[in-house]
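The chain below stands alone and is given in structure tokens; this is the form predicted alone.
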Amino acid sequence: MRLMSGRVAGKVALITGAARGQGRADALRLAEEGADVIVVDVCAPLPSVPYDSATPEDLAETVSLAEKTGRRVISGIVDVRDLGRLRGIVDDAVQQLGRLDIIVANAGICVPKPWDQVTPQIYEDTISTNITGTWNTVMAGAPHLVEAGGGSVILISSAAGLKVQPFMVPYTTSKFAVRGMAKAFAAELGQHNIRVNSVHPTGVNTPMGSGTMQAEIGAAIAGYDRLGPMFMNMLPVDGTEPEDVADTVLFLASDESKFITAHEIAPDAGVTEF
């Protein structure tokens, strides 16, 4: 049982990809610590994704769980690649909740394939969701943080944004881009007392590992097993839980990190040091 202390009490947070997994854990952790939350997700499949997609029922479950903390919750179904619709949902939610202080750009996809099996569809889905979707999230939310007089923007990257992960060329490309995006936004938004950082987890136990995901990775490694050890964590764990990463998100959202900006924070079990 977590000891709650109101570390983000009175604040409002936007979390994308919040229907389940990492996004849900982030939303619940922030709500537990006193934040009202705006939770959005596409709740639909993308053509190239090999794992089970989130559903409207998943997002409704996130809302129900967050409401049990006593905080206000507003949800929306939207593809983060649609800036106009995303901005409309965020603007409406902020009008209802009164402000926005925290942005967690979590929505993203991963499609493992050897480089010569990556299709244009896989590349486009990955780049547009992970990079453009992240950019859209900041563009939709940051003006409200400026209006609030400051805040924290947290871009969820990956260990693949610090160290190359094989058999994931589009994903690795996108996560390095998210890392750079965080630094670029931090430079310009600092004048408004807005901090921007990126988070770089190792493998996390979420529905992203469902469907044929593990089989796809296994087949790729079998084709060139010399690269398999690149996925190994330094700590003796195969992966982490969404709640572990959510603790890092909470730290960056709270005033405990008030002088941390333009940094990479890596709850990665040491995988990027191998």
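The first residue of the sequence shown is number 1, and the count goes up from there. As the structure is a computational prediction, the values presented were derived from the model and not from experiment.
Below, we refer to the form predicted in complex with a small molecule, which is not included among the displayed structures.
Heavy atoms within 4.5 Å of the small molecule in the predicted complex: which of the stretches 66-74, 51-59, 225-233, 31-39 has them? Flagged stretch: 51-59.
Tell me, which of A107, L100, I194, V90 has a heavy atom within 4.5 angstroms of the small molecule in the predicted complex? It is A107 that has a heavy atom within 4.5 Å of the partner.
How about C43: is it within 4.5 Å of the small molecule in the predicted complex, going by heavy atoms? So C43 counts as contacting the small molecule.
Exercise: T129 in contact with the small molecule in the predicted complex, heavy atom 4.5 Å: Result yes; T129 sits at the interface with the small molecule in the predicted complex.
Mark L145 yes when one of its heavy atoms lies within 4.5 Å of a heavy atom of the small molecule in the predicted complex, and no otherwise. Result no; L145 lies far from the small molecule in the predicted complex.
Should I221 be counted as a contact of the small molecule in the predicted complex, where contact means heavy atoms within 4.5 Å? Although the small molecule is absent here, I221 would stay clear of it in the predicted complex, with no heavy atoms inside 4.5 Å.
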